[in-house]
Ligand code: HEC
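Next up: a single chain in C-alpha coordinates, the form predicted on its own.
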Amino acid sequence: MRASTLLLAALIAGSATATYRAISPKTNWTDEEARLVLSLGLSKLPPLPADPSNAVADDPRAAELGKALFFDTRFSANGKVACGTCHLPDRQFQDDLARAKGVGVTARRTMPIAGTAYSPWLFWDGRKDSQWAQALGPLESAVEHGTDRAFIAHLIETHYADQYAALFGPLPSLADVPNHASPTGLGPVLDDWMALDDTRRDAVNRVFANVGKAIAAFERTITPRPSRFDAYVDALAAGKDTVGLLSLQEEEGLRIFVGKGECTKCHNGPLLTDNFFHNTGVAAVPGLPEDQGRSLGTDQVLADPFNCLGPYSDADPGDCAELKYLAKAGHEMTRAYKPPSLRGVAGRPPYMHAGQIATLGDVLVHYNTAPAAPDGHSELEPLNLTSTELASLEAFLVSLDPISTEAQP
(Lines give C-alpha, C1' and ligand atoms only; values in the text may rest on other atoms or scores of the structure.)
Protein backbone atom coordinates (compact mmCIF):
# COMPACT_ATOMS: atom_id res chain seq x y z
CA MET A 1 0.00 0.00 0.00
CA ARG A 2 1.33 3.47 -0.89
CA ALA A 3 2.32 5.87 1.88
CA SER A 4 -0.27 8.40 0.66
CA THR A 5 -2.98 5.73 0.96
CA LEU A 6 -1.88 5.01 4.49
CA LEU A 7 -2.07 8.72 5.24
CA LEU A 8 -5.61 9.00 3.94
CA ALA A 9 -6.63 6.05 6.09
CA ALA A 10 -5.03 7.70 9.09
CA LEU A 11 -6.91 10.92 8.38
CA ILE A 12 -10.21 9.11 8.12
CA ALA A 13 -9.48 7.32 11.38
CA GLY A 14 -8.76 10.65 13.04
CA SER A 15 -5.13 9.89 13.89
CA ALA A 16 -3.35 12.90 15.37
CA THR A 17 0.19 11.52 15.29
CA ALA A 18 0.85 9.90 11.92
CA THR A 19 3.23 11.37 9.37
CA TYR A 20 3.63 10.24 5.80
CA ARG A 21 5.76 10.64 2.73
CA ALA A 22 3.46 12.00 0.07
CA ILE A 23 5.92 13.60 -2.30
CA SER A 24 9.55 12.70 -1.81
CA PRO A 25 11.83 11.03 0.73
CA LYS A 26 12.63 14.52 2.06
CA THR A 27 9.04 15.67 2.56
CA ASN A 28 6.98 14.22 5.40
CA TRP A 29 3.49 15.57 5.98
CA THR A 30 1.79 15.68 9.35
CA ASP A 31 -1.92 15.03 9.68
CA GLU A 32 -2.64 18.73 10.20
CA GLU A 33 -0.63 19.72 7.13
CA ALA A 34 -2.39 17.05 5.10
CA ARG A 35 -5.79 18.22 6.30
CA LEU A 36 -5.00 21.75 5.16
CA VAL A 37 -3.59 20.66 1.81
CA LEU A 38 -6.60 18.51 1.00
CA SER A 39 -9.00 21.30 2.04
CA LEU A 40 -7.56 23.57 -0.66
CA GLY A 41 -8.33 21.32 -3.61
CA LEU A 42 -10.93 22.41 -6.15
CA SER A 43 -12.70 19.07 -5.72
CA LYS A 44 -13.72 20.30 -2.25
CA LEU A 45 -15.67 23.22 -3.75
CA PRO A 46 -19.38 22.66 -2.99
CA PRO A 47 -22.15 23.27 -5.53
CA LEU A 48 -23.02 26.87 -6.25
CA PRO A 49 -24.99 28.35 -3.36
CA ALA A 50 -28.49 29.52 -4.18
CA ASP A 51 -29.12 33.24 -4.50
CA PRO A 52 -32.66 33.70 -3.15
CA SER A 53 -32.47 37.42 -3.94
CA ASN A 54 -32.32 36.59 -7.66
CA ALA A 55 -35.20 34.46 -8.95
CA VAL A 56 -33.52 33.94 -12.34
CA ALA A 57 -30.05 33.21 -10.98
CA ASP A 58 -29.96 29.71 -12.48
CA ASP A 59 -32.21 30.21 -15.49
CA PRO A 60 -30.25 29.49 -18.71
CA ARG A 61 -32.28 32.11 -20.54
CA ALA A 62 -31.16 34.71 -18.00
CA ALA A 63 -27.54 33.63 -18.42
CA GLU A 64 -27.90 34.00 -22.20
CA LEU A 65 -29.35 37.50 -21.84
CA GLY A 66 -26.78 38.39 -19.20
CA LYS A 67 -23.93 37.33 -21.46
CA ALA A 68 -25.24 39.58 -24.23
CA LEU A 69 -25.52 42.51 -21.79
CA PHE A 70 -22.06 41.78 -20.35
CA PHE A 71 -20.41 42.36 -23.72
CA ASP A 72 -22.69 45.11 -25.09
CA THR A 73 -20.75 48.39 -25.39
CA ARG A 74 -23.96 50.35 -26.02
CA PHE A 75 -24.40 50.29 -22.24
CA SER A 76 -21.87 53.08 -21.81
CA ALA A 77 -21.67 56.83 -22.25
CA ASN A 78 -19.21 56.62 -25.15
CA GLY A 79 -20.49 53.39 -26.73
CA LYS A 80 -17.10 51.72 -26.18
CA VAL A 81 -17.26 50.20 -22.69
CA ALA A 82 -18.91 46.95 -21.60
CA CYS A 83 -18.48 44.79 -18.52
CA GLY A 84 -16.20 42.69 -20.69
CA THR A 85 -13.93 45.65 -21.33
CA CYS A 86 -12.41 45.32 -17.86
CA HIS A 87 -13.38 41.68 -17.26
CA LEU A 88 -11.62 40.01 -20.19
CA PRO A 89 -12.51 36.32 -20.63
CA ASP A 90 -9.02 35.36 -21.81
CA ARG A 91 -7.40 37.19 -18.86
CA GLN A 92 -9.30 35.57 -15.98
CA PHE A 93 -12.01 38.23 -16.37
CA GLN A 94 -9.69 41.05 -15.30
CA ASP A 95 -7.66 43.57 -17.30
CA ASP A 96 -4.00 43.54 -16.12
CA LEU A 97 -4.19 47.24 -15.19
CA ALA A 98 -3.31 48.76 -11.83
CA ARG A 99 -6.64 50.61 -11.94
CA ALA A 100 -9.55 49.78 -14.18
CA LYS A 101 -10.19 51.96 -17.22
CA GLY A 102 -13.71 52.57 -18.47
CA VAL A 103 -14.86 55.95 -19.76
CA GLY A 104 -12.39 57.23 -17.17
CA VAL A 105 -9.90 55.69 -14.74
CA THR A 106 -11.12 54.19 -11.49
CA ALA A 107 -9.42 54.19 -8.10
CA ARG A 108 -9.17 50.39 -7.77
CA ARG A 109 -8.02 47.23 -9.51
CA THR A 110 -10.45 45.07 -11.50
CA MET A 111 -11.26 41.91 -9.54
CA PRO A 112 -11.52 38.52 -11.29
CA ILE A 113 -15.02 37.01 -11.42
CA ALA A 114 -14.56 33.23 -11.19
CA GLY A 115 -16.10 31.89 -8.01
CA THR A 116 -17.57 35.19 -6.81
CA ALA A 117 -21.00 33.54 -6.60
CA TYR A 118 -19.69 31.94 -3.40
CA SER A 119 -18.95 35.28 -1.75
CA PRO A 120 -21.49 37.04 0.50
CA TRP A 121 -19.86 40.40 -0.26
CA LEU A 122 -18.73 41.92 -3.56
CA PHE A 123 -16.12 44.54 -4.48
CA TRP A 124 -12.88 45.09 -2.58
CA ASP A 125 -14.83 46.72 0.27
CA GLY A 126 -17.94 44.49 0.20
CA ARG A 127 -20.31 47.35 -0.52
CA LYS A 128 -22.66 45.02 -2.42
CA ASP A 129 -24.13 41.74 -1.16
CA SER A 130 -24.93 39.92 -4.41
CA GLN A 131 -23.55 39.58 -7.91
CA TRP A 132 -26.62 41.30 -9.37
CA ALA A 133 -26.35 44.29 -7.05
CA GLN A 134 -22.64 44.50 -7.82
CA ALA A 135 -23.30 44.55 -11.57
CA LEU A 136 -25.38 47.71 -11.21
CA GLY A 137 -22.66 49.83 -9.63
CA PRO A 138 -20.30 50.16 -12.63
CA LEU A 139 -23.20 51.03 -14.95
CA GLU A 140 -23.79 54.29 -13.10
CA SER A 141 -20.17 54.99 -12.20
CA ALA A 142 -18.94 58.18 -13.83
CA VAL A 143 -15.56 56.56 -14.61
CA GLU A 144 -16.75 53.07 -15.61
CA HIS A 145 -19.81 52.91 -17.91
CA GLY A 146 -20.86 56.48 -17.21
CA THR A 147 -24.57 55.82 -17.81
CA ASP A 148 -27.72 55.99 -15.68
CA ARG A 149 -30.64 53.70 -14.95
CA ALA A 150 -33.17 55.45 -17.21
CA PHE A 151 -30.74 55.18 -20.11
CA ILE A 152 -30.27 51.47 -19.35
CA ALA A 153 -34.02 50.88 -19.20
CA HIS A 154 -34.54 52.53 -22.58
CA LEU A 155 -31.75 50.39 -24.12
CA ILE A 156 -33.49 47.26 -22.85
CA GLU A 157 -36.76 48.49 -24.37
CA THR A 158 -35.07 49.14 -27.72
CA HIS A 159 -32.79 46.10 -28.04
CA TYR A 160 -33.83 43.37 -25.60
CA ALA A 161 -37.57 43.74 -24.98
CA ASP A 162 -38.51 40.19 -26.02
CA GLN A 163 -35.74 38.46 -24.06
CA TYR A 164 -36.52 40.62 -21.06
CA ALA A 165 -40.24 39.89 -21.22
CA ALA A 166 -39.64 36.14 -21.42
CA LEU A 167 -37.88 36.31 -18.06
CA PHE A 168 -39.44 39.16 -16.14
CA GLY A 169 -42.74 39.87 -17.84
CA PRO A 170 -43.60 42.78 -20.16
CA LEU A 171 -41.59 45.93 -19.80
CA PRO A 172 -43.39 48.80 -18.07
CA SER A 173 -44.24 51.84 -20.14
CA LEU A 174 -41.26 54.16 -20.31
CA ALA A 175 -42.93 56.78 -22.50
CA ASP A 176 -42.84 59.42 -19.78
CA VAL A 177 -39.32 58.55 -18.60
CA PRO A 178 -36.60 60.90 -19.88
CA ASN A 179 -33.60 59.45 -21.69
CA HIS A 180 -31.35 60.11 -18.69
CA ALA A 181 -32.41 60.06 -15.04
CA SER A 182 -30.97 58.63 -11.83
CA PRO A 183 -30.85 59.38 -8.09
CA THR A 184 -27.08 58.99 -8.28
CA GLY A 185 -26.71 61.46 -11.14
CA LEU A 186 -25.75 65.12 -11.19
CA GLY A 187 -27.41 68.20 -12.62
CA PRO A 188 -30.18 67.50 -15.13
CA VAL A 189 -29.90 63.72 -14.63
CA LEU A 190 -30.75 64.09 -10.96
CA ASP A 191 -33.32 66.81 -11.62
CA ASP A 192 -35.15 64.62 -14.14
CA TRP A 193 -35.17 61.74 -11.67
CA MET A 194 -36.65 63.92 -8.95
CA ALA A 195 -39.36 65.04 -11.37
CA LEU A 196 -40.59 61.46 -11.85
CA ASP A 197 -43.42 60.15 -9.68
CA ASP A 198 -42.90 57.12 -7.44
CA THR A 199 -44.52 54.76 -9.92
CA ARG A 200 -42.17 55.74 -12.74
CA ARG A 201 -39.13 55.59 -10.45
CA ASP A 202 -40.08 52.13 -9.29
CA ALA A 203 -40.57 50.94 -12.87
CA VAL A 204 -37.11 52.15 -13.89
CA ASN A 205 -35.52 50.70 -10.75
CA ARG A 206 -37.12 47.33 -11.40
CA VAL A 207 -35.86 47.14 -14.98
CA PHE A 208 -32.43 48.26 -13.77
CA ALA A 209 -32.38 45.58 -11.05
CA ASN A 210 -33.41 42.91 -13.53
CA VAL A 211 -30.51 43.87 -15.80
CA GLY A 212 -28.22 43.13 -12.86
CA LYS A 213 -29.97 39.82 -12.21
CA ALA A 214 -29.47 38.69 -15.80
CA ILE A 215 -25.79 39.65 -15.75
CA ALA A 216 -25.40 37.78 -12.46
CA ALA A 217 -26.95 34.66 -14.00
CA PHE A 218 -24.19 34.76 -16.61
CA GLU A 219 -21.47 35.45 -14.04
CA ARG A 220 -22.56 32.40 -12.02
CA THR A 221 -21.40 30.28 -14.96
CA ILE A 222 -17.83 31.62 -14.58
CA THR A 223 -16.12 29.13 -12.31
CA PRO A 224 -12.51 28.40 -11.27
CA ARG A 225 -10.50 26.06 -13.46
CA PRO A 226 -8.32 23.18 -12.27
CA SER A 227 -4.59 23.68 -11.81
CA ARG A 228 -1.56 21.42 -11.44
CA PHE A 229 -1.98 21.81 -7.69
CA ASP A 230 -5.49 20.34 -7.95
CA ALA A 231 -4.13 17.36 -9.88
CA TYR A 232 -1.70 16.83 -7.02
CA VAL A 233 -4.42 17.09 -4.36
CA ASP A 234 -6.71 14.73 -6.26
CA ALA A 235 -3.93 12.16 -6.54
CA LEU A 236 -3.09 12.51 -2.88
CA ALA A 237 -6.72 12.12 -1.82
CA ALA A 238 -7.09 9.02 -4.02
CA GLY A 239 -3.91 7.42 -2.67
CA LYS A 240 -2.21 7.66 -6.07
CA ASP A 241 1.38 8.50 -6.91
CA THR A 242 2.00 12.26 -6.66
CA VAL A 243 5.59 12.22 -7.95
CA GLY A 244 6.13 14.79 -10.70
CA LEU A 245 2.83 16.61 -10.25
CA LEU A 246 4.62 19.39 -8.39
CA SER A 247 8.33 20.15 -8.41
CA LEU A 248 10.33 19.80 -5.19
CA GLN A 249 10.45 23.61 -4.95
CA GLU A 250 6.69 23.88 -5.40
CA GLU A 251 6.18 21.18 -2.79
CA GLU A 252 8.31 23.09 -0.33
CA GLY A 253 6.36 26.24 -1.15
CA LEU A 254 3.14 24.40 -0.39
CA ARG A 255 4.53 23.40 3.00
CA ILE A 256 5.34 27.04 3.72
CA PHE A 257 1.91 28.12 2.46
CA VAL A 258 0.05 25.91 4.95
CA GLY A 259 2.67 26.39 7.67
CA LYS A 260 5.08 29.13 8.64
CA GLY A 261 3.93 31.44 5.82
CA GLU A 262 0.51 31.68 7.53
CA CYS A 263 -1.12 32.15 4.14
CA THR A 264 -4.19 30.11 4.98
CA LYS A 265 -5.26 32.64 7.60
CA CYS A 266 -6.84 34.58 4.72
CA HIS A 267 -6.38 32.35 1.66
CA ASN A 268 -8.14 29.16 2.67
CA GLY A 269 -10.68 26.72 1.26
CA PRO A 270 -10.96 25.62 -2.39
CA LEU A 271 -11.22 29.24 -3.59
CA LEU A 272 -8.11 30.22 -1.61
CA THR A 273 -9.85 33.19 -0.05
CA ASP A 274 -11.92 33.58 3.11
CA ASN A 275 -14.05 36.28 1.39
CA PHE A 276 -13.63 38.46 4.47
CA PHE A 277 -11.73 41.72 4.91
CA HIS A 278 -8.20 42.37 6.12
CA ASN A 279 -5.88 45.31 6.63
CA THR A 280 -2.49 44.09 5.46
CA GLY A 281 -0.64 47.39 5.53
CA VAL A 282 -0.87 48.10 1.80
CA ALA A 283 0.32 51.60 0.95
CA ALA A 284 -2.07 54.30 -0.21
CA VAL A 285 -1.67 55.58 -3.77
CA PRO A 286 -0.52 59.22 -3.86
CA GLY A 287 -3.04 61.49 -5.51
CA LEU A 288 -6.06 59.22 -5.07
CA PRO A 289 -8.92 60.06 -2.72
CA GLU A 290 -8.74 58.59 0.77
CA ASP A 291 -9.79 54.94 0.67
CA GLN A 292 -11.11 53.50 3.93
CA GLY A 293 -12.00 50.05 2.60
CA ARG A 294 -14.50 47.94 4.51
CA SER A 295 -15.15 50.59 7.16
CA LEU A 296 -17.10 52.55 4.54
CA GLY A 297 -18.31 49.53 2.57
CA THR A 298 -20.36 48.28 5.51
CA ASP A 299 -22.41 51.47 5.63
CA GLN A 300 -22.85 51.41 1.87
CA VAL A 301 -24.20 47.87 1.67
CA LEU A 302 -26.63 48.52 4.52
CA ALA A 303 -27.97 51.60 2.73
CA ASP A 304 -28.14 50.03 -0.74
CA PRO A 305 -31.74 49.84 -2.08
CA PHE A 306 -30.67 46.84 -4.17
CA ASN A 307 -29.45 44.76 -1.23
CA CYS A 308 -30.98 41.45 -0.11
CA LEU A 309 -33.53 43.19 2.12
CA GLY A 310 -34.43 45.87 -0.43
CA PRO A 311 -37.63 46.17 -2.47
CA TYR A 312 -36.04 44.70 -5.62
CA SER A 313 -34.74 41.55 -3.98
CA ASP A 314 -36.61 38.28 -4.55
CA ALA A 315 -35.58 36.96 -1.14
CA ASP A 316 -37.63 36.58 2.00
CA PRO A 317 -36.17 38.56 4.94
CA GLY A 318 -35.21 35.26 6.57
CA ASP A 319 -32.90 34.56 3.62
CA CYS A 320 -30.81 37.65 4.34
CA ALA A 321 -29.17 36.79 7.64
CA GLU A 322 -25.70 37.95 6.52
CA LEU A 323 -27.06 41.44 5.91
CA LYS A 324 -29.68 41.51 8.65
CA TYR A 325 -27.13 40.86 11.37
CA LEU A 326 -24.25 42.81 9.84
CA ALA A 327 -22.71 45.05 12.47
CA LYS A 328 -21.38 48.49 11.63
CA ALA A 329 -17.66 48.38 11.00
CA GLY A 330 -15.27 49.52 13.70
CA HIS A 331 -11.69 50.74 13.56
CA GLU A 332 -10.49 47.21 12.75
CA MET A 333 -12.09 47.48 9.29
CA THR A 334 -10.27 50.70 8.33
CA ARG A 335 -8.40 50.00 5.07
CA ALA A 336 -9.48 46.36 5.21
CA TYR A 337 -10.06 44.75 1.81
CA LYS A 338 -11.30 41.40 0.56
CA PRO A 339 -8.50 39.05 -0.57
CA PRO A 340 -9.16 37.80 -4.11
CA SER A 341 -8.80 34.11 -4.86
CA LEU A 342 -5.19 33.06 -5.35
CA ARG A 343 -6.23 30.76 -8.18
CA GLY A 344 -4.40 32.03 -11.25
CA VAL A 345 -2.72 34.74 -9.19
CA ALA A 346 0.70 34.48 -10.88
CA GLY A 347 -0.87 35.42 -14.19
CA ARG A 348 -2.53 38.66 -13.19
CA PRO A 349 -0.12 41.33 -11.94
CA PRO A 350 -0.12 44.03 -10.65
CA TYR A 351 -1.43 43.31 -7.18
CA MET A 352 -3.48 44.73 -4.30
CA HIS A 353 -6.62 46.85 -4.42
CA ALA A 354 -5.08 49.63 -6.50
CA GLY A 355 -2.22 47.76 -8.17
CA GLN A 356 0.30 49.12 -5.68
CA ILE A 357 2.68 46.15 -5.96
CA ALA A 358 4.06 45.22 -9.37
CA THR A 359 5.21 41.62 -8.99
CA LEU A 360 4.26 38.50 -7.07
CA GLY A 361 7.73 38.38 -5.56
CA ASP A 362 7.29 41.91 -4.21
CA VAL A 363 3.93 40.91 -2.72
CA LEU A 364 5.66 38.13 -0.77
CA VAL A 365 8.32 40.55 0.43
CA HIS A 366 5.54 42.84 1.65
CA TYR A 367 3.96 40.03 3.68
CA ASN A 368 7.36 38.90 4.92
CA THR A 369 8.36 42.33 6.25
CA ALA A 370 4.87 43.43 7.41
CA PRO A 371 5.09 47.22 7.04
CA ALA A 372 2.84 49.42 9.14
CA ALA A 373 -0.53 50.37 7.66
CA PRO A 374 -1.03 53.96 6.44
CA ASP A 375 -4.26 54.00 8.47
CA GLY A 376 -5.96 51.52 10.76
CA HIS A 377 -4.00 48.54 12.04
CA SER A 378 -2.27 45.94 9.88
CA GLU A 379 -2.91 42.30 10.79
CA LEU A 380 0.54 41.28 9.58
CA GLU A 381 3.53 40.28 11.67
CA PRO A 382 6.99 39.73 10.16
CA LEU A 383 7.38 36.16 8.90
CA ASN A 384 11.19 36.15 8.67
CA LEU A 385 11.19 33.82 5.69
CA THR A 386 14.50 33.40 3.87
CA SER A 387 14.97 34.32 0.23
CA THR A 388 14.98 30.59 -0.59
CA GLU A 389 11.67 30.10 1.22
CA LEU A 390 10.14 33.09 -0.55
CA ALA A 391 11.22 31.67 -3.92
CA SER A 392 9.63 28.33 -3.03
CA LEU A 393 6.41 30.00 -1.96
CA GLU A 394 6.26 31.93 -5.24
CA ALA A 395 6.87 28.72 -7.17
CA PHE A 396 3.93 27.09 -5.43
CA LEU A 397 1.68 30.03 -6.29
CA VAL A 398 2.56 29.56 -9.96
CA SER A 399 1.24 25.99 -9.69
CA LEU A 400 -2.21 27.51 -9.06
CA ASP A 401 -2.45 28.77 -12.64
CA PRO A 402 -5.30 27.09 -14.55
CA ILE A 403 -4.18 24.24 -16.79
CA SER A 404 -6.48 25.45 -19.57
CA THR A 405 -5.97 29.01 -20.86
CA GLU A 406 -9.00 28.87 -23.15
CA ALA A 407 -11.36 31.82 -22.62
CA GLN A 408 -14.52 30.96 -20.69
CA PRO A 409 -17.41 30.59 -20.88
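A residue's number is simply how far along the shown sequence it sits, counting from 1. Nothing here was measured: the structure is a model prediction, and the numbers come from that model.
Omitted here: the form predicted in complex with the ligand. The next part is about that form.
Out of the listed residues 236, 139, 217, 323, 139 is the one that sits within 4.5 Å of the ligand in the model of the complex by at least one heavy atom. This chain is displayed alone, yet in the model of the complex one of 32, 64, 379, 58 has a heavy atom within 4.5 Å of the ligand; that residue is 379. Figure note: of the listed segments 305 to 313, 104 to 112, 228 to 236, 160 to 168, the one touching the ligand in the model of the complex, with heavy atoms no more than 4.5 Å away, is 104 to 112. Proximity of 82, 278 and 345 to the ligand in the model of the complex is complete: all three residues have a non-hydrogen atom within 4.5 angstroms. The closest heavy atom approach of residue 134 to the ligand in the model of the complex falls within 4.5 Å. Of the heavy atoms in residue 36, none are within 4.5 Å of the ligand in the model of the complex. Remark: residue 74 does not count among the residues lining the ligand in the model of the complex, judged by a heavy atom distance of 4.5 Å or less. Using a 4.5 Å cutoff between non-hydrogen atoms, residue 193 does not count as a contact of the ligand in the model of the complex. The single residue of 37 to 74 lying near the ligand in the model of the complex is 70, the criterion being any heavy atom within 4.5 Å.
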